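Next up: just one chain, as structure tokens, the form predicted on its own.
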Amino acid sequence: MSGFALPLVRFSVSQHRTIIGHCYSELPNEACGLLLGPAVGGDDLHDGEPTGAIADVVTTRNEAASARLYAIHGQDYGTARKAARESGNRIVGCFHSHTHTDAYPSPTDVEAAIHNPNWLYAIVSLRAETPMLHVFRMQSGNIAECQVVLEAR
């Protein structure tokens, strides 16, 4: 795994389809959602270090309703938080789409990551014919890509 940041991020094929489908369904705006899974340490539902296993994907509304920005709707965040609590997981990250650019964090994405430095940030580019999903860690302004695998589970 040389060259990639930890953790190895594991999505099911179904979760990947959910993310990509949601990104297309929200065009022309950016889509967004939350990633639930186990985390080590911390004392809150969104603190701790993600293990990389994604237990659930929660699609959310983009409160910004924009093709260039995303903001996870507060009510949807609350619903996801409750689902994480009930399943014994935590919110370990989020996903959003880039409708016209590559799947790489924008300066706005990096700035927003300050609020949740332990999260995994999945970005889907819809720029080309085939959507591209990449996952990043963004801590203290540093960007590092995580390796992603799709599992048949």
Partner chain sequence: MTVEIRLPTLLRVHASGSATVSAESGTVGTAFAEMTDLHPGLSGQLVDSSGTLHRFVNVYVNDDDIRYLESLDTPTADGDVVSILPAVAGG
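Computed from a prediction, not measured in an experiment: that's the story for all the values here. Positions refer to the first chain, counted from 1.
There is another form of this protein, the form predicted in complex with the partner chain, and it is not shown here; the text below is about that form.
Honest question, do Ala39, Thr51 and Glu145 all end up within 4.5 Å of the partner chain in the predicted complex by heavy atom distance? So, no: the whole triplet misses the partner chain.
How about Leu126: is it within 4.5 Å of the partner chain in the predicted complex, going by heavy atoms? Although the partner chain is absent here, Leu126 would stay clear of it in the predicted complex, with no heavy atoms inside 4.5 Å.
In the predicted complex, is there a heavy atom of the partner chain that lies within 4.5 Å of any heavy atom of Arg85, even though the partner is absent here? Because a heavy atom of Arg85 falls inside 4.5 Å of the partner chain in the predicted complex, the answer is yes.
With a 4.5 Å heavy atom cut-off, would you call Glu30 a contact of the partner chain in the predicted complex? It does: once the partner chain is placed as it appears in the predicted complex, Glu30 has a heavy atom within 4.5 Å of it.
Given that the partner chain is not shown alongside this chain, does Ala55 nevertheless sit within 4.5 Å of it in the predicted complex, heavy atom to heavy atom? Outside the cut-off, so no.
Going by heavy atoms, what in 68-94 lies within 4.5 angstroms of the partner chain in the predicted complex? Read in sequence order, the residues that approach the partner chain (within 4.5 Å, in the predicted complex) are Arg68, Leu69, Tyr70, Ala71, Ile72, His73, Gly74, Gln75, Tyr77, Gly78, Thr79, Arg81, Lys82, Arg85, Cys94.
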